[in-house]
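The form predicted on its own is given below as one chain in structure tokens.
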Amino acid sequence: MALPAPVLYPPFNILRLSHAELRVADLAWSRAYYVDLLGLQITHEEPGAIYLRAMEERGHHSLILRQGKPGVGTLGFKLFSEDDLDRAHAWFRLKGLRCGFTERPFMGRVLEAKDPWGVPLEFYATMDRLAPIHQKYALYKGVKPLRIDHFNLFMPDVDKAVSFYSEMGFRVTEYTEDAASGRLWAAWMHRKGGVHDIAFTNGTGPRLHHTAFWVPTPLNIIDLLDLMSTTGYLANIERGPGRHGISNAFFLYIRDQDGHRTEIYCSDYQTCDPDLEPIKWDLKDPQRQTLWGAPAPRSWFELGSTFEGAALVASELAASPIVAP
């Protein structure tokens, strides 16, 4: 299947990914993991919820931890203007998809919507702005996370997911195609000018494979590994360190006790030119997943976080062989 042509004038203007809400079983454990270990900063704490940001972020939060049955509450995106919120509302309604406005703390008017697979999305134009802390070096700890970078989702039909998100203005930067069927195995899509704000990987879904945070250097990842291995978190290290062929990113994957996966990530490249050609990878090329590093464990291919209210669908390509890196 051919990639959809980039939409240069989308129906509403998405600037970037913004935030995720994760449901966690033990908020105290998650606070220790995401704040004390990884180094995210608390911006608001209340019974049942913690709001966090990374060091370069001026918006109020990029991650919400909420007490509850483990899963994903929503994925958030920032729009250019309030008018774009209205345009997004009209667009989702024309698609016959569930959507509606609500008010959110620290964000004001928010459009709640669901994509065709039931992934809960929310869009906003204005979030409370906080004072900069990127030069308050006494606050830096853990892996020194600078900003949220992307989401990666398991989807039962990557071709359809790419087509739908392309209509919203996301552009493909890299992709893997299954030569036998001509269908997409995975695709990386962006709005902000990096390799991806959101990516889709073939598999039973929809499920969240991971949320990624950008860090300054690969040495920050090495420091985190030393810290995790000596403070009781050794079993939470899932994969890495290594370097992906796709995106050229230096990576580490870790999982919390609820199964939520975080990628710690740096070193990808700029993609803001609208005529930048997507890079195609052969599914049988082992360096697409790992340019160098240890092979990914089976858990990395099979486990993900579920979205509240979204029914899981098996992929038609799920029987295709996993090509180990």
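Remember, it's a predicted structure, so these values are computed and weren't measured experimentally. Sequential numbering from 1, following the sequence displayed.
Although not depicted, the form predicted in complex with a further copy of the same chain is the subject of the following passage.
In the model of the complex, no residue of the candidate spot (F106, R183 and E263) has a heavy atom lying within 4.5 Å of a further copy of the same chain.
Checking 88-96, 233-241, 156-164, 115-123 against a further copy of the same chain in the model of the complex, the stretch whose residues place heavy atoms within 4.5 Å of it is 233-241. Of the heavy atoms in E46, none are within 4.5 Å of a further copy of the same chain in the model of the complex. In the model of the complex, G245 approaches a further copy of the same chain with a heavy atom inside 4.5 Å.
Proximity of C272 to a further copy of the same chain in the model of the complex falls within the 4.5 Å heavy atom cutoff. a further copy of the same chain is not shown here, and in the model of the complex it never comes within 4.5 Å of any heavy atom of G100. For the stretch 289-316, the set of residues having any non-hydrogen atom within 4.5 angstroms of a further copy of the same chain in the model of the complex comprises L291, W292, G293, in sequence order. In summary, the C-alpha positions of D178 and G293 converge in the model of the complex, ending up at least 3 angstroms nearer each other than in this conformation.
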